[in-house]
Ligand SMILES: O=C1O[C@H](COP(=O)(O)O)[C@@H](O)[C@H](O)[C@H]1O
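This document opens with one chain alone, in structure tokens, the form predicted on its own.
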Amino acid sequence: MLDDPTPVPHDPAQPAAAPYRWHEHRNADAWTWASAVAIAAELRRDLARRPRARLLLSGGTTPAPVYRALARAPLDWARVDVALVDERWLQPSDPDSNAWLVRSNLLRDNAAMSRFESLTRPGHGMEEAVAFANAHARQHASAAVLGMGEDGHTASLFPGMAALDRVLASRQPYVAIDAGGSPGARQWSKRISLTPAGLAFAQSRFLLIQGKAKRDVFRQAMADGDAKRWPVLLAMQGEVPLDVHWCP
């Protein structure tokens, strides 16, 4: 692991962020296994002191190899609840859904015994889906695994998104999102997303990113300090440090 030598200025007009820890890996294989081992360690720690552990996962193609590696961890997976950080308004059977990605890459090998909570279900509307998510979300989470787009978004919190102020101020763990007009949302503008209030239940936070472009976005976000322009900064609110795992 190499510490990022670049000093990070702080805008005094913004709330102080929790510290982040920069983990730099030499290649994608090292990044995959180091990330999986770190997440597994948090689950193992919680399983040693609680009846169940809870894991919040993001979608996208970047974390898929980490999920496949994590699935092989020798944990008591029957005591692990797996839920989503966010979801496009798609059914779990849709290959473009985050649920599909998690089922395909994590719910296999040893992790096939875990309990999975999808954010969407057949026959249920958006309001009911959000209510169901919130009913299960007000509990300790061992870890939240986050990603970041090249626009600086994380979860389904996009810069310039309509009603972003309302979402950030919400006391509910999950809210319905309309990201219409946000290029990062692509064709899936209707979504359900974890809020900063929901992220506060996570006892550890991981940001998994790859490539020079993502590293530069992260550094630019830290230098700017505006969480509305760079929602990834929301992952550093509070006192829980963000573990950033990066490889070229």
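Note that this is a predicted model, so its numbers are computed, not measured. Start at 1 with the first residue shown and count on from there.
Keep in mind that the form predicted in complex with the ligand is not shown, yet the notes after this line are about it.
**Student:** Could you spot which one of 102, 133, 143, 148 gets a heavy atom to within 4.5 Å of the ligand in the predicted complex?
**Tutor:** Of 102, 133, 143, 148, the residue with a heavy atom within 4.5 Å of the ligand in the predicted complex is 148.
**Student:** Look up in the predicted complex whether residue 35 has a non-hydrogen atom within 4.5 angstroms of the ligand, and give yes or no.
**Tutor:** Although the ligand is absent here, residue 35 would stay clear of it in the predicted complex, with no heavy atoms inside 4.5 Å.
**Student:** Given that the ligand is not shown alongside this chain, does residue 214 nevertheless sit within 4.5 Å of it in the predicted complex, heavy atom to heavy atom?
**Tutor:** So residue 214 counts as contacting the ligand.
**Student:** Taking the shortest heavy atom distance, is residue 59 within 4.5 Å of the ligand in the predicted complex?
**Tutor:** Yes, residue 59 is a contact residue.
**Student:** Test of understanding: in the predicted complex, would residue 156 fall inside 4.5 Å of the ligand by heavy atoms?
**Tutor:** Flag for residue 156 set to yes.
**Student:** Specify the contacting stretch among 123-131, 83-91, 69-77, 166-174, defined as having any heavy atom within 4.5 Å of the ligand in the predicted complex.
**Tutor:** Answer to the contact question: 83-91.
**Student:** Where, within 96-133, is there a heavy atom within 4.5 Å of the ligand in the predicted complex? Residue list please.
**Tutor:** Counting only heavy atoms within 4.5 Å of the ligand in the predicted complex, the single contacting residue of 96-133 is 98.
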